[in-house]
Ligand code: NDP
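In the block that follows, a single chain appears as structure tokens, in the form predicted on its own.
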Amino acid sequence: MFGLIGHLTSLAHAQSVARDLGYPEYADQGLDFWCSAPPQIVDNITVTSATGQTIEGRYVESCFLPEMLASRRIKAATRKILNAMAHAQKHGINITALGGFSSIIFENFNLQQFEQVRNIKLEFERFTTGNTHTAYIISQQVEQASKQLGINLSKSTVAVCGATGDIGSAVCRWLNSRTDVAELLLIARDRERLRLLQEDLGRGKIMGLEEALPQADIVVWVASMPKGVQIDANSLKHPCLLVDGGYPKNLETQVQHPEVFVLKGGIVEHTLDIDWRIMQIVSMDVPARQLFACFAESMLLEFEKIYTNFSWGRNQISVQKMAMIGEWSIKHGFQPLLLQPR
């Protein structure tokens, strides 16, 4: 059995979804209540592969909300993720993906030091961040959507914002070794990590955001949106492909221009309907078939009967592992979300 640990995008979103899912006791409560709310299994999932194989899964709502980090309730945030992991393990889930902020919180606050959650000793091999599949799918979106727009990678500049993160660095390595992209612009807050990434790649220009964006034919956004950052669509190249790999995805509403094409990054489409409710509440255009690539990673591992933390630790994603999970993704009927006709 596979599992998905997720969370909602805001307190208002959580209250609305709680009402829709039949949890009225959660629907009118404020942040203090959500800080103490326990994790819940709120959905049972059935997925059928393109091969005909069928698997079962569970969705674990962690009850984490981004406002917990914004209001510096760090202990509440970390407790949410650890409790959700323990809940998944207690219910016999073999491999669980940490979706959204879950993996970021786990890594940034070094939650691996907390093995014991009440009477459960966490078995970390039961969990995966899903970042390898996400990085693969974003890389495929760059390759395939650029063709849709007639953008020739061999003559193009790709800016990666959040280049030193787990997903960003993996995307850079893939584009560097598996494509003929002309130029990579590396954008992140930590200059030392940028220098090390540049050294690892053997190329790439380290730039600030404002300097890089006007030069990019393709922008891959895999950084959290800093408060106050605004992207001026008129300052971008036209045409420009903007792959929004953040969560929640908010660039489509912010950047509106007929020659700027915003693509929801890290989203896959399945060839068959998935039996679940959960994607209806995160605004997927086709909720029976579209999902986050990180969630799909746990499904792929369940299909392949590989019960291990396939994606784990910061900057441990290799191009070889991306190619491996990419093969499984295609085999079982997943494909990257691409641009839709306007």
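Worth saying up front: this structure is predicted, and the values here are computed from it rather than measured. When you see a residue number, it is the position in the sequence shown, counting from 1.
There is another form of this protein, the form predicted in complex with the named molecule, and it is not shown here; the text below is about that form.
Within 4.5 Å of the named molecule in the model of the complex, a heavy atom is found for none of R126, E269 and F303.
You can rule out all but one of 70-78, 163-171, 88-96, 145-153: in the model of the complex, only 163-171 has residues with a heavy atom within 4.5 Å of the named molecule. A188 is the sole member of A188, L201, A212, V255 with a non-hydrogen atom lying within 4.5 angstroms of the named molecule in the model of the complex. Note on contacts: among W34, W312, Y59, F292, the single residue with a heavy atom within 4.5 Å of the named molecule in the model of the complex is F292. Under a 4.5 angstroms non-hydrogen atom cutoff, the named molecule in the model of the complex has A223 among its neighbouring residues. Using a 4.5 angstroms limit between non-hydrogen atoms, R193 touches the named molecule in the model of the complex. Mapping the unseen interface onto this chain, L122 falls outside it, with no heavy atom inside 4.5 Å of the named molecule in the model of the complex. Put simply, I104 is close to the named molecule in the model of the complex: some heavy atom of it is within 4.5 Å.
Contacts between 119-134 and the named molecule, taken as any heavy atom within 4.5 Å in the model of the complex, involve N131, T134.
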